[in-house]
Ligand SMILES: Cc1cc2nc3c(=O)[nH]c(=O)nc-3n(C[C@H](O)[C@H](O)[C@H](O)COP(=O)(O)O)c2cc1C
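Taking the form predicted on its own, here's one chain by itself in structure tokens.
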């Protein structure tokens, strides 16, 4: 089996997870520069940061020469969006990106394009049936999204998901609940090849998200994380706030019927996604005057908030993870020799 490090050329088994709307240029570059692999989220770059995609990739290259990745959300509910994604993948390949994470669809067309230039695709999965479809399409690794993840969380624990996928003979990446070094080492000890961190990197100096959002992550406990169906039509992990409680987390009866229909579910999900895209963007990047209360507290986060206690530079986070990894790796090697 080809290893995660061979696929990504990262020094550490850490992925800076792609996040809408939080994956800005400086954050992606900082994760890669510190030894992991930062992953670009193209909608975040172009819609939130108003950055030309090619120029954004080149801006990252001015900060670091370390490898970076790209996230391709490949769900085809919108032809226009699909055409944009095809263009973004082409630009990324032209600019030297060779590691891709695909989500929400069949990754076959991305795999074909990426493998033509010697790149590799990992696919987001929440259960075995999606893993098998991803591997059948040519994915070389799996991002195993568990029930502690931010964004679209899975239903299974990290342990349950590893048990379901461990016989597939590809690198498995633990996504969800990794906010501390202890959680990182626990996942590696289970057998995961690497970990994907999202929420942990929002609460960093390089992330452009608002101070209010970062502070909410630091203050939150895992009991403050709730699932809402009103973002994309499927459950998304958010920090419980008074705004969210007023809005509610369940889809209404009409929306629920539309979400269950084979012909209408994609349109309903697209409606939710487009509406929420503006809400998430505005709640994430707004920096209101201190005397004004944020009215729209709409913040994605996973249960890794339990291990996040301050806002700090990415380099500081990564140095602790690297020290923990080296200590664990050394101990693991000694046990193997015995």
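Fair warning: this is a prediction, and the values are worked out from it, not measured in the lab. Residue numbers count along the first chain shown, from 1.
One more form of this protein should be noted, the form predicted in complex with this ligand, which is absent from this view; the next part is about it.
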Check: Can you pick the stretch from 155-163, 112-120, 141-149, 84-92 whose heavy atoms fall within 4.5 Å of this ligand in the model of the complex?
Finding: 141-149
Check: At 4.5 angstroms, heavy atoms only, are 206, 239 and 311 all close to this ligand in the model of the complex?
Finding: no
Next item on the list: Using heavy atoms only and a 4.5 Å cut-off, determine which of 137, 168, 188, 73 is in contact with this ligand in the model of the complex.
Entry: 73
Notebook entry, point to check: Would residue 106 sit within 4.5 Å of this ligand in the model of the complex, counting heavy atoms only?
Noted result: no
Next item on the list: Look up in the model of the complex whether residue 22 has a non-hydrogen atom within 4.5 angstroms of this ligand, and give yes or no.
Entry: yes
Item checked: Exercise: residue 213 in contact with this ligand in the model of the complex, heavy atom 4.5 Å -> yes
Check: Is there a non-hydrogen atom of residue 300 within 4.5 angstroms of a non-hydrogen atom of this ligand in the model of the complex?
Finding: yes
Item checked: Partner contacts for 171-198, taking this ligand in the model of the complex and a 4.5 Å heavy atom cut-off -> 175, 176, 177, 178, 196, 197, 198
